[in-house]
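Alright, here's a single protein chain in two forms, structure 1 and structure 2, each given by itself as structure tokens.
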Structure 1
């Protein structure tokens, strides 16, 4: 039963991933569509970061916000992406330790 459910979930996830391949084989886009598609990564990153980041610690939304600000700061000074991630994890970890519920 759960296996059938997973196959259903797989199909509805797989098709939206696959169909654009064939749309792009058929179509050349107008310049404005290309500009829109070029902007998608930045818009998607924005929409993925906020407000989702507030739910890192659902009861204390500012934990995620502070972790995010540390990540912005570390990324801005140009350190390696892995260190940015570790820095943000460490920040939230310390907040969890020092500000208990």
Structure 2
């Protein structure tokens, strides 16, 4: 019974993901639709990251915003993503050390 449940749940999650692949493969979109679709991953990533930025220091949300801005600037320069993350973490860490409550 459990095996059938696992098979059924896998089909329920597989079909909604697989059907659009075959349908969208045959469609031709206008260039502006393609540009819009390519921006979706960045928008989703921003929606996932931004609430975390504000909750780094609950009493001081501007620390997270400053760390986020440092990350954006480092990424804009073209630094490796690992260094961008380390730079943002180091910024928030230094702010919490040098600016007491």
Partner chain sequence: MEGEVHNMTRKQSVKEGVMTGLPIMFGYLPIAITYGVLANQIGMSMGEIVFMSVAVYAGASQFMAVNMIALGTGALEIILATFVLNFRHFILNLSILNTWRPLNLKWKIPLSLGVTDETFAVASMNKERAKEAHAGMFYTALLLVAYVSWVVGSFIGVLLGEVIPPALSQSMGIALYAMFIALLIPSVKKERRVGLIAIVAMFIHFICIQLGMSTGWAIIMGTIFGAGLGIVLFPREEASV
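Residues that one form lacks are left out of the comparison. Computed from a predicted structure; not experimentally measured. Definition used throughout: the rigid core is the maximal C-alpha set that superposes within 1.5 Å between two forms. Numbering follows the first chain given and starts at 1.
Comparing the two isolated chains, structure 2 is the one taken from the form predicted on its own; structure 1 is not. Once the rigid core is used as the reference frame, the Cα position of residue 29 differs between structures 1 and 2 by 2 Å or more. A displacement of 2 angstroms or greater separates the C-alpha positions of residue 14 between structures 1 and 2, with the rigid core held in common. Its Cα shifted by 4.4 Å, residue 39 is compared between structures 1 and 2 on a rigid core fit.
Every Cα shifting by 2 Å or more, across three or more consecutive residues, marks a moved region; comparing between structures 1 and 2 on the rigid core, these regions are 1-40, 49-52.
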